[in-house]
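In structure tokens, one chain follows: the form predicted on its own.
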Amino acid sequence: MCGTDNKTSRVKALILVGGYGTRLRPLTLSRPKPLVEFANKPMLLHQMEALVAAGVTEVVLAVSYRAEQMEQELNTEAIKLGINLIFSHETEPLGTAGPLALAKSILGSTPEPFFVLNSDIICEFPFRDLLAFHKNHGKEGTIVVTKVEEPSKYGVVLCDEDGKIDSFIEKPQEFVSNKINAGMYILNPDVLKRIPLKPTSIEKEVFPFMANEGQLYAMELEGFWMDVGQPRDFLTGMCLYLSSLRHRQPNLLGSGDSIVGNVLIDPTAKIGEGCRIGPNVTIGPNVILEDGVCIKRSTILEGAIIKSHSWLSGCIVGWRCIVGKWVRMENITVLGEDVIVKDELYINGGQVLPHKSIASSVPEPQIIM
């Protein structure tokens, strides 16, 4: 690997990808959640690329659900990235700590610390800084924390000014801290001795004990953070990601008469006359937008066709869908794969299962089987 020193090149990572992705249905009825494209790239690939950039050469994926599809697609990506990808198969769901015990022989094979992360978070992954911070304090573990507006929805982390964690409080009803666990850690192999090979929660059954012994630190995340595991948050995360791209790599964003604000467009997409796209839109490969289409705060996945004069806001349009002419869709409407929406319909917050044809309007949010 170029650009990595020997110290970082032995660092491994484990990504928790075991869930069923129920919160992101109907998209996850067609593809495992880690393969659903976020900003035109499988969710998991954002993390794998960031790990590689920090010098990680071996990534363990803790999988249980539809592992075959993931193995096929991700092995190809791993070859491109030059990393060794190992699939660790759970026969039963092992929670957020059990998978570490299952992969103990890999993660504990060197004295170097290893990264652990949840598969549905998106941010400017600070893996190099995290490794440096962790080695500096010299204790067993470091959690990345992020500040949120509504800490009462999460478990909050209480720590001193050096980052040493005192305690955790689950969904506090009154304000004690606005720092929450961001779902990214770096741990020394010693931590593996604390974890039994059975369903175990790292947040409830491992971290509090480490904190009591003064062995756990917190590093605050700079920039944005989002868990994009459900449609509303997926779209919010996309807005934050595109805004971050505007600062980091503005050349990747679209420009032109029809573009408003931050828009990411795959080069193979075709856009008709008189369209208005943006702000905050991602257009995937081989998408066709006919004339006069207006789209904002939405993701259009590969191969979808949006016919002329349709208006979309707050939507995720699945692979190979066809949205008819003069259609209006809004309010977190999600179309699964290969859905057809007939002309001149209104869809308000519909969640449409794959391979359906919609011939009448959906005025109230509902799941369409």
Partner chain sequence: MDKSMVKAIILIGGPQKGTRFRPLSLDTPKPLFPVAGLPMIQHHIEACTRINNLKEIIILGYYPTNDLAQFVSEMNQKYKILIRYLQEFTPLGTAGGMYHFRDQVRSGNPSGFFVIHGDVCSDFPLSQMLEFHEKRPGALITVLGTEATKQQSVYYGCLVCAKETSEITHYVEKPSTFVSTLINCGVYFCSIDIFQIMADVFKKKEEAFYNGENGYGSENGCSGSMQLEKEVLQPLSGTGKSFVYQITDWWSQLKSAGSAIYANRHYLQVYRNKHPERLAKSKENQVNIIGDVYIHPSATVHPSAILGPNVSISAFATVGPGVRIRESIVLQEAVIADHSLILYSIVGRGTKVGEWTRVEGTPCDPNPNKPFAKMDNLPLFNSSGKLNPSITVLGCSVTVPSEVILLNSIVLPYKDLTRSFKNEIIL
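Positions refer to the first chain, counted from 1. Quantities reported herein were computed from a predicted structural model and do not represent experimental measurements.
Keep in mind that the form predicted in complex with the partner chain is not shown, yet the notes after this line are about it.
Relative to the partner chain in the predicted bound form, residues Lys296, His309 and Trp326 are all within 4.5 Å by at least one heavy atom. For the chain shown alone, Glu302 is not a contact residue for the partner chain in the predicted bound form, no non-hydrogen atom being within 4.5 angstroms.
When the partner chain is considered in the predicted bound form, Glu344 lines it closely, a heavy atom lying within 4.5 Å.
Although the partner is absent here, Gly274 is a contact residue: one of its heavy atoms lies within 4.5 angstroms of the partner chain in the predicted bound form. In the predicted bound form, the partner chain stays beyond 4.5 Å of every heavy atom belonging to Pro93. Listed stretches are 80-88, 116-124, 225-233, 287-295; the contact stretch with the partner chain in the predicted bound form is 287-295, by a heavy atom cutoff of 4.5 Å. Residue Glu330 is the only one of Glu337, Glu37, Glu330, Glu58 with a heavy atom lying within 4.5 Å of the partner chain in the predicted bound form.
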